[in-house]
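Considered here are two forms of the same protein chain, supplied as structure tokens in two stand-alone entries, structure 1 and structure 2.
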Structure 1
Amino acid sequence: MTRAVRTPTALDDVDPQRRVRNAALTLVALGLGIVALWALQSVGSTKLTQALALFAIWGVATVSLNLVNGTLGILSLGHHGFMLIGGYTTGLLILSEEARGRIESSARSTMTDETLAISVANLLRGLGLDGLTTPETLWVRFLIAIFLGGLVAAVAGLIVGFPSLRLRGDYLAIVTFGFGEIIRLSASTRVFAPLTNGALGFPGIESEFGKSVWWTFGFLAFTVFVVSKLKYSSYGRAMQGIREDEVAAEAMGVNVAYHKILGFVISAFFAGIAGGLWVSWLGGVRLDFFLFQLTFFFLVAISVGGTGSITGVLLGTALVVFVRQYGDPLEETYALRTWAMAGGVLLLVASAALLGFRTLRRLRPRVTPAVLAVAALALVVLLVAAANPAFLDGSFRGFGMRAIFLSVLLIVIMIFRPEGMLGRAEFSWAGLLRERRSEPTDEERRQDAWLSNPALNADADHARVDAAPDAADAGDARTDREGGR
């Protein structure tokens, strides 16, 4: 095989400068982000700090789920099962001695002395590392526990990945949902009850890590870094090829089975890490912490932000977390007229947002029938609420309105913007600075060696030159035939 030789291009002189500039801008942005987190933690409320930590935890989960749903193109509905495995593993390994004593003395406990002895601290003592079992080194034990939880979840992802080799579409979604529910329901059975304490679960998990913005955002940064590097590598491009056309990707030499399993394993690993952070944020672990509703929130975040876009997924996660944490007023008791006014204003804001989005994206026409219909409906609702008819007398309590709001938002997005707010677009400094690029990057050239292979390029040039006379002869013959007619 001819060795690929990189040929110089006009872009080579610019790329190093762009790389230095992008690295400098990224460092500045990271520095500003750290300062902002420090300021928010210092002057902000406890609820705000917990909301930021929850955003980072759910961000880890949604970014990992997006690797399967967005990059690989497989609808996975069992992410809560992988989080459960990581959460229970982390919780058991990091459970405090006081909590183990309470569980042991409880008459309702199903845990045995052997399972209660499973901990990172006992493992380190067995290895002679007693210095890492002190209260000051709790963070070391938490790191070990959470990565072990991710590894156990990755093994479960490997098991789930095998049935996906022969299934596609809705059938595969049903299989992933089934695995997620099997994992959740099996945790309370007699087989696993000694490890999970059945439906009771166990409290006493240290919450200083799950509610810390530094720990949670550190894991979020690590997840985004790994998943983004994977997405733009040859593996990620193969996964995107499977997403677009699995048959064509296989025909081009992509190992479909390998890349599917790889996607499931990596996604499950980070889901396990998110599960460990989640139980630390809650301060305990129970089965009802890992209902399918958890995966539903992640799916809403991905669908709203943009399937396949890490940036969009994080924006969607921020919206979902904001509604979940600060949506308490939606579930209070108000007069029906107030609900109608709020609904009309919300519809009006939605139509304005849709118009602004089409304007920013330079879509034509800017004012579509959908924009007009939503605006007209908003005006009708507002006029009816202002008239205060008799049927609006009384009050209504919006119990469960936060989940209803997210469900309606998902329906609206699926109707008017199925690809989400950002689609598959990602944030980049070049895009922010409105730079346009007409040539492939160095990374793309390295991944596609034939672009810079002189031998292949020469063969292609010779093929075009040889084909030119034949094409000319064919054109002359066609002209003669048309002249004869």
Structure 2
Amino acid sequence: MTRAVRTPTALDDVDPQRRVRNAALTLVALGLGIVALWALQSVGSTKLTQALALFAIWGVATVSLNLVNGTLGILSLGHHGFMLIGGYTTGLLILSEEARGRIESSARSTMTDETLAISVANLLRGLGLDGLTTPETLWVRFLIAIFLGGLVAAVAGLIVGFPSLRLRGDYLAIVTFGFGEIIRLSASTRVFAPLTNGALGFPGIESEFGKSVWWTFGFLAFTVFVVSKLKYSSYGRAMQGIREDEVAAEAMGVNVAYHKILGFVISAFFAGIAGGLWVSWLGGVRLDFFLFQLTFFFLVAISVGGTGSITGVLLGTALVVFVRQYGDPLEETYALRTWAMAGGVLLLVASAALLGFRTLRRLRPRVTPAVLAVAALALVVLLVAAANPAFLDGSFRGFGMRAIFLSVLLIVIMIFRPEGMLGRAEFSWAGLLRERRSEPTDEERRQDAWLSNPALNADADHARVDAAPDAADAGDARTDREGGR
């Protein structure tokens, strides 16, 4: 895809009437969303509230990771490291006095009196703001702690980004992964153990903020606001230019290094905020809360939703959080026969889906060996399950099925729709209502006529061939309209 795709911007809707209508629709939707959130968290179970809060927290992380992976086009795999930094900073800063006392009296603790004294409350006392150290103003301290956590993570992002952003492509990915792991592995060493309490971490962090729908969604809204403003600013356009072609962007006068670092640091800042919320949601800080699998889940969310699209990423996050929070039936113990049956049906569905995909894309031959092999395997499994042999007596616990599901999902998405559900398109009212963005101008009409006239343009046939796949594919057609080509 080398054809130029005009970046959709908020100013694309030039029709003033439509702009008013879209603004009104947005306000109504926001209002409805708030009401729905209120209804859900007052009526729904604790589990639902927690899932909603987790969605918002991971949303902060995925939207910020997407700024690097999608907008800047750099595959960064060290997000969990920045979240760890933000999480530990926030955790240390808002740890309650009694939790500090427990750590102090613990024989295995590696924290010193100086590091135990680091807290927002002490900072505020030092500034003479004793009014803000009461239990009622905990939220102020929480906000300050989260913000400081983000800042520390941003500084780490600067330190990591400065050397590594000179690299390109998969080397950069591996170096960000390396930095993420270095952060995690060195957090428990004696250099940082006085700050992190080694492998013990600190339990007992206030979870009323991380588990509150309002706080987390507030942070999510803030993140989405900042990242989308950035995306549609000149900075964002420069970043997208770097994504499309780094050399060309540089030739056009974009300061590549500056924009890469900028994107990376902002992304790290929000990762730090997500880390702070995450430890608050968990109610404690430990090293194994920040494994690489966290970044993997974010990667799944981004890739499934649509790399580069904020709405798509939120959609993907919703899916991942749903699987994580409500996928536990997958991990229970069932009879082996049930597993075999489910596996057979799944393989049959996969075979049919493959066939459907090839039919939809008009690929020939429609029935490939892969389709037949999967179908045959499905039949064998189903027949074996139906024959009910002795070795299927017994049961099996589906330990880790959620992770398996998510990784298979990621592989399937990468093979069949690497751009994700929404691609790079954002949600828009015009897109939802299936409106044409704007009538073509006379100049565009003249260009179209010229391009499609074989007498004038030797490449006309070529142009038509280029346009054909889009017409054939409903999903792409929609993306194109939203992309406003």
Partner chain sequence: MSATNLRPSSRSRRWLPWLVLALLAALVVARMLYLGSVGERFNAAFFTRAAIDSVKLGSLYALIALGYTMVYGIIRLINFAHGEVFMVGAFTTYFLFTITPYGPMAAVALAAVLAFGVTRLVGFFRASPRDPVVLASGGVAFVALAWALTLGTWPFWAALLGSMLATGVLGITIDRVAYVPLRTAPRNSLLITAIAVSFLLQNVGLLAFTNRQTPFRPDTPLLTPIALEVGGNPVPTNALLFAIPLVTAVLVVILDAFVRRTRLGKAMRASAQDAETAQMMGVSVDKVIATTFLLGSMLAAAGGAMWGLNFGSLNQPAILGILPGIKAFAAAVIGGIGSLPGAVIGAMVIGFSENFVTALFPRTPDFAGITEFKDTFAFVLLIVVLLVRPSGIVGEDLSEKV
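Definition used throughout: the rigid core is the maximal C-alpha set that superposes within 1.5 Å between two forms. It should be emphasised that the depicted structure is a prediction, and the values quoted were computed from it without experimental measurement. Residue numbering: structure 1 sequence, from 1.
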Form predicted on its own - structure 1 or 2: 1
Residue 358 C-alpha relocation of at least 2 Å between structure 1 and structure 2, rigid core basis: yes
Core-superposed comparison between structure 1 and structure 2, residue 225 Cα displacement 2 Å or beyond: no
Rigid-part reorientation between structure 1 and structure 2, C-alpha based, degrees: 21
Residue 21: CA movement between structure 1 and structure 2 [superposed on rigid core, Å]: 2.6
